[in-house]
Structures are given as C-alpha cells and as structure tokens.
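In the form predicted alone, a lone chain appears below as structure tokens.
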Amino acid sequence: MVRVLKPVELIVVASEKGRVTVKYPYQEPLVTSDFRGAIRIDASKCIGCGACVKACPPNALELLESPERLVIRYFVGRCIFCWRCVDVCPVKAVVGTREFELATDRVEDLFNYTVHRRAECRECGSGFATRRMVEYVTEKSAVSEYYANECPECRKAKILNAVARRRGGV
C-alpha cells in the first residue's frame, strides 16, 4: 500500500513546488557564487614564476622550458577546479571563472598556452628566469638590482669568489 502512495505523494509535492529546473540551454543556467569553473591566465600580467604550476594537484598546469622561452600550459581536461593556482599567483594573473561549458570535439581546444621569453645572464649569456620575473623582482626588491640579471650559477660563482678574496684566497 505504501508503494502505491509514494508516487502520489511525489506528484503532490511537485505540484506545490512547481518547476525547480531551468530549460537549459534555452534559459540561463543556475550558477551559484561559490561555483568554480575553469581558470584564465592573463598573459599581460603573468610573470612566469611557476607558483601556479607547483600548487596544481592534478598537474593541469605544466611548465615547459627551453633555452629561449618558458611556456605555462593549462590543460582544462585535467583541471579539478580547486583554484589553488588562483590563490598562489603573486601578481593575480590567474583568475577563476564561472565557465563550465567546456565540451569540445577537439583535444587541442582544451589547451591554453602562456609564453614567456627568457632573460639572458649578463655574464654567461644563458637563459634563466623570464624577463618579466626579473623586472618584478627588481621592482619589489631594490637590493636585488645588482644580481637580478645574472643566472644562479654566475651569482654563486661571484659570491664564492668574493668570500675567497676576503679570506685571502684568489
């Protein structure tokens, strides 16, 4: 007897509440303010520090390095929309969106690239950080201005030489 009444109860409740869904895609979807969608990287703000890559649990963000350039690759197909990258970006270049309509029939459409040119070391000429990162560090810390345009190896060698000279070595 209970099984017969259950559908009747549901019909009564549904008629009292009315329609609770929208006719998607013909109507605007219900997206709450807490909803997390895909991220967007503003290439004009990004300095290429890689903090977002280190914070990404599913490795949806990758750092592709070559001697001339550094590329941040975002694969939305792997993203879990946790927005940790948004939280750690020092220049607020990574922003979260409410975008959720991400389906495509081409895998290439799921990749986004942010390309940076490398800064060249003034001592050895090798590429090390991105140019924007060097500018950012120099702007934030005037003390680093002297060493900002040198790669870590050349900086280390200079410091070791300076220490050796103080101790009466070289």
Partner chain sequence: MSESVKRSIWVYHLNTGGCNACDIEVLDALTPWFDAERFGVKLVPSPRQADVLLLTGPVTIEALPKVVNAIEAMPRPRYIVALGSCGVGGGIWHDTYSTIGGVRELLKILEARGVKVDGVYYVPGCPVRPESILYAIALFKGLVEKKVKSEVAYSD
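Numbering follows the first chain given and starts at 1. Computed from a predicted model, the values in this text were never measured in an experiment.
One more form of this protein exists, namely the form predicted in complex with the partner chain; it is left out here, but the text below deals with it.
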If the criterion is a non-hydrogen atom within 4.5 angstroms, does every one of P58, L102 and T114 touch the partner chain in the predicted complex? yes
Taking 4.5 angstroms as the cut-off for heavy atoms, does T21 touch the partner chain in the predicted complex? yes
So, in the predicted complex, is D109 in contact with the partner chain at a 4.5 angstroms heavy atom limit? yes
According to a 4.5 angstroms non-hydrogen atom cut-off, is W83 in contact with the partner chain in the predicted complex? no
Although the partner isn't part of this model, could you tell me whether C79 comes within 4.5 Å of the partner chain in the predicted complex, counting any heavy atom of the residue? yes
Among A43, A51, C121, V134, just one has a heavy atom within 4.5 Å of the partner chain in the predicted complex, namely A43
Using the arrangement in the predicted complex, list in sequence order the residues of 20-35 with any heavy atom within 4.5 angstroms of the partner chain. V20, T21, V22, K23, Y24, P25, Y26, P29, L30, V31, F35
